[in-house]
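Take a look at this single chain in structure tokens; it is the form predicted alone.
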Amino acid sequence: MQPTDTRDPDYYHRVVDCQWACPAHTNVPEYIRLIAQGKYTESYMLNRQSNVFPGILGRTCDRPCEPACRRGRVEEKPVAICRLKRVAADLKGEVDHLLPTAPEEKNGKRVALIGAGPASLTVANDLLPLGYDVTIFEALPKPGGLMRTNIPSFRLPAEVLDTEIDYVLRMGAKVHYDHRIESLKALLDEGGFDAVFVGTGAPKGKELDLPGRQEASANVHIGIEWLEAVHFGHVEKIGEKVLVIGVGNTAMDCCRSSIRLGGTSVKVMARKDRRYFKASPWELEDAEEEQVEIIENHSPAEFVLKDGKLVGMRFEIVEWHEDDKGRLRSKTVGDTVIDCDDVILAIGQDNAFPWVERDIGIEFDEWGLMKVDKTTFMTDRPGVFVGGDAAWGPENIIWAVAHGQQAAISIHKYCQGKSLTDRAPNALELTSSKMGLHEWSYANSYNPKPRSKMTHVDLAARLKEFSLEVELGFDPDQTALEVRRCLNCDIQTDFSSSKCIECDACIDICPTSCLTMTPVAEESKLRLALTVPATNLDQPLFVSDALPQTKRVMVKDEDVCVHCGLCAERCPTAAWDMAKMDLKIPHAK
């Protein structure tokens, strides 16, 4: 192996697993340290640099950072990264003077955003401070998109949503509510816009074409449409016996909403077993705590009617196995009928572009999606960009934010006549954390405390009031414990081979045996030559330059390092340093 280039920003970025896994690359360890210091406002603003909606995402994010968290390698549960984000949002001080503002003098370019969901709002957040004239067209009477209509208020209070959206809109975006775009061609030809961004989400719920579906239509509801109707007060009750088909997060919102609207027996019906559920584990836990029953391995077969009225559904009971190619196959082992008054279909969402003409230079794929460049977010028609769920199908809010940031870069470049593919790279800044002989500017002792458990409103109270937020958030004691569980993965073990005297002190003291001095070899051999073989190929090896005395190399398995700093404390020549990494992610500027 060649010596590792630790000044390549992606090397140390990859070591900070939570930040690497986050689509928006939020600086997780730093915002947690700021919370530990009681600097909630600073933590909130650091969050907002990358994810725009810390209060919203602190309640609703799908948390791709947490499965990646290094803490999960030393014990069962990762740091509660998402819930700490909410702590910063809930406890922040006045931020108005810290938020970006739009200049009075515009730059002469007009941009249209179709849809007022998280992707479009992120584009507006990044372009308005650059002097763009931004106009948003929203089909609904309020902004937020599916954040507003599909996430119930008992999970995301309206005041949190309104506050963070207002931070964006107050910069001067013009918003046309109740204004559904019926023709993209007309907007392009007549609107006078220099660029158009499509952020309409995936607004079409999937159907279930089974016998009896049409006859039972009065009591069969499409999940995302039903949640929208509940939000705007068009639906205020539901039958006592409810079946929710599907086990994604939308299904969890549907079943929990049903409990609050009169459902006394609410069942979620899953075709497969729990290993294959799409819903987040915490969403499943909250639903079951509210006495929702989740029934596995039941495949819908028929809507059962009596005298023209829906009375139940017939399900095939199935078993699943893998075939010789590793694909899942089902085997029917029986059937059953389950009584119900209403059925809610939450089996997925599709994009819908009937308003985008097929003769305006935009190519579509076989699934009816516009073909979008994954780097620039532009379609085949110059000046038309797509992001969020509208680009490649349903994802979480944080993905929409990441799409919006990249699209904003492209729109800015396009409007300035620059190459869309010539994008600034990430940049790296390393600063020593040394404050004394054996003292660092971060808490480097391992805290064995288990993950803090979220407290909830009493079950009876929460089911009485639809808008009552269920999660109470961490109290001060929980917060103090949870921030100490972070392993500070952005404090990097930075090695200078020229200072090393090969004394083995760092190897002796390393608690995870991640260091080895050995003759250089190819990677496959080097991984096996370590004190503890490095078997996780998803994590890199650090390999130093040749050491002065023996020409061996210092090798470190990044997979098991817990950033405790003991190697740097023990080293008599300061060959090891604990250096704080600040990753600079480009935005539209």
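So that there is no doubt, residue numbering starts at 1 and follows the sequence shown. Since the structure is predicted, the reported quantities are computational estimates derived from the model, not experimental observations.
Missing here is the form predicted together with a small molecule; even so, the following discussion is about that form.
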> Is the small molecule close enough to 134, 379 and 402 in the model of the complex that each of the three has a heavy atom within 4.5 Å of it?
Replying inline: no
> What stretch, of 35-43, 22-30, 530-538, 54-62, brings heavy atoms to within 4.5 Å of the small molecule in the model of the complex?
Replying inline: 54-62
> Just one of 246, 205, 199, 263 has a heavy atom within 4.5 Å of the small molecule in the model of the complex. Which one?
Replying inline: 199
> Since exactly one of 471, 138, 286, 341 fits, which has a heavy atom within 4.5 Å of the small molecule in the model of the complex?
Replying inline: 138
>> How about residue 119 - does it come within 4.5 Å of the small molecule in the model of the complex, if we only consider non-hydrogen atoms?
In response: yes
>> Is it the case that residue 355, even though its partner is missing from this view, gets within 4.5 Å of the small molecule in the model of the complex, heavy atoms only?
In response: yes
> Is residue 187 a contact residue for the small molecule in the model of the complex, using a 4.5 Å heavy atom cut-off?
Replying inline: no
>> Please determine whether residue 155 contacts the small molecule in the model of the complex, using a 4.5 Å cut-off between heavy atoms.
In response: yes
